[in-house]
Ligand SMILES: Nc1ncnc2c1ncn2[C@@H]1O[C@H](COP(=O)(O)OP(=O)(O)OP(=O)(O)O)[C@@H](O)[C@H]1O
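The form predicted alone is given below as one chain in structure tokens.
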């Protein structure tokens, strides 16, 4: 089991700081949803955990191990998978070839042993195993991205706005799949999502960040039932 935590985190891009003194906690085997206004620091917080932006100060731990300042490939070896909003699959490759690429660091025997489980995580993908990823719908691409991550058997999965640009039906399907990943594999999930109400509906824990600072950290019902925070930061009425 792996938790994710940050203490006194200040992070940004180059010399520019986007996050200021943030404390954050994602408990093991739970879904922690990060919400907030555009430009408030949601994605930057996720990228800081995975080593994709500059950490100016503070601590970041995954499973109790300090990862602040590590390059992404080393953080991945610590059992953390990052799924970006776009460019998360290889469109010109088949579904199977995408999975082979995802397992590049595994031995051929390990990859062969894990492939059926990764494909079987989302049976719908099996129909497209020999087809190019370019023909997949947005929801199916997210399934493939999750299967690619699951091939590496992570303890933590970081999702950056996985429902962006999807229809409400497909967005609901993607969030259901994320819940299934948590339940079936016992994975710690950190989810950045713009559709706050829908995402908080699957959350075990809610984290609201605005202006690069923590505004709320607690149960999702506590955030959804707070009319001032919902109106000011999430556009909820």
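Residue numbers count along the first chain shown, from 1. What you are looking at is a predicted structure, and each value in this text was computed from that prediction instead of being measured.
A second form of this protein, the form predicted together with the ligand, is not displayed here; the remarks below concern that form.
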Requested in this report: Give a yes or no on whether each residue among 40, 161 and 194 has a heavy atom within 4.5 Å of the ligand in the predicted bound form.
Outcome: yes
Assert contact_stretch over 42-50, 22-30, 170-178, 200-208 against the ligand in the predicted bound form, heavy atom within 4.5 Å, equals 42-50
_Contact test in the predicted bound form: residue 223 vs the ligand, heavy atoms, 4.5 Å_ = no
